[in-house]
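Take a look at this one chain, the form predicted alone, written out in structure tokens.
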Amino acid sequence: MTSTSTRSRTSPPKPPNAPARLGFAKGTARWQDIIENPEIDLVSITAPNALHKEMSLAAIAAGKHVYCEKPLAPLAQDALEMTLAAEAKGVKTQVGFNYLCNPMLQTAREMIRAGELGEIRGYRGIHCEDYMADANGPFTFRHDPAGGGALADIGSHALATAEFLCGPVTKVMGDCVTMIAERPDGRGSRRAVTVDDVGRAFLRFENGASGSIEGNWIATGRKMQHDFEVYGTKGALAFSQEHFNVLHYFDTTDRKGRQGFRRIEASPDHSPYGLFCVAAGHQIGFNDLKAIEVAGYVNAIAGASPEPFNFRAGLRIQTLVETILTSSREQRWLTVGQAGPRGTA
């Protein structure tokens, strides 16, 4: 099976030696060449968000499997069109949510489902970085209303993790704000920003728990704060992506005077950690999470397992994002799926 990545149609051609320098046998500055190549079975789309739909639909029509980075599409209606097209064609799809592939998150979900935390009462999730904190940073495709905003860009990870651990979210109350009103456009002028720099939401889960999430790309000093806390009647869990080989667990049955969060270190006991390292404490990294994600996807293509996080799952996350944005605009609680046309923060 051959796989390659699409590039933005507006990007300048790479230097002639780029494919060789990056270890590729071939290269092109025209993404349609990839779709039209009969030797390619799987297309990986890492282009700006506004191009995901066009590229995906073209690849699906050509009968190719599609891996698409999140967010799947700027609008839920676009994501639905992509999902239905893939399902009708019978191709396998994947949306890039590789943080869910961390053995520590798998362990957390197993503990929750096994009842080790008891009845789940509360959840807190956050994904904060500072790559947009500089007000003089340029206007990018992430600021484009057609496919941008902190909630969609990184808050989507917080939402995916919340449902991965605690199940479906049924109601949301959003608060999405633009803190930097304009940015340099690269042509000597400044361009207005209308997408959210910070997206927050209160959540109600189907299991009765309540919680909150935040997506924030102007969080000064934060590089990868993809964290969560889960509170149950019998125990609690705490996790930080900045130290993602450790899960912290509190057990209410520990005797008084000995209670506290204990460290669960990632080890070969937490599959598939053992495929990367034979000893605990040596840790796996971000690229290993991506390798785990792609391995699961390839297994699905081979028919050995279900798709780990397909376009329909990506559609679910975009629906949550859209509902939160609408809730923020209308300043009221909304049932998930109630969102109208996407508005600005």
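Residue positions are given as counts along the sequence shown, with the first one as 1. Bear in mind the structure is a predicted one, so any value in this text is a computation, not a measurement.
Beyond what is shown, the protein has a form predicted together with a further copy of the same chain; the following relates to that form.
A heavy atom within 4.5 Å of a further copy of the same chain in the model of the complex is found for one listed residue only; from Leu75, Ala85, Ile264, Cys101, this is Ile264. This chain is drawn without a further copy of the same chain; in the model of the complex, the residue among Asn299, Thr28, Gln283, Thr46 with a heavy atom within 4.5 Å of it is Gln283.
Stretch-level contact analysis of 186-194, 129-137, 144-152, 85-93 against a further copy of the same chain in the model of the complex, using heavy atoms and a 4.5 Å limit, identifies 129-137. For the three residues Asp175, Arg204 and Ser212, a heavy atom within 4.5 Å of a further copy of the same chain turns up in the model of the complex in every case. In the model of the complex, none of the heavy atoms of Leu80 sits within 4.5 Å of a heavy atom of a further copy of the same chain. In the model of the complex, at least one heavy atom of Asn216 sits within 4.5 Å of a further copy of the same chain. Taking the partner from elsewhere, Cys277 is found to have a heavy atom lying within 4.5 Å of a further copy of the same chain in the model of the complex. When contacts are judged by a 4.5 Å heavy atom cut-off, Asn17 does not count as touching a further copy of the same chain in the model of the complex. If you take 245-266 and check each residue for a heavy atom within 4.5 Å of a further copy of the same chain in the model of the complex, you get Val246, Tyr249, Phe250, Thr252, Asp254, Arg255, Lys256, Gly257, Arg258, Gln259, Gly260, Phe261, Arg262, Arg263, Ile264, Glu265, in sequence order.
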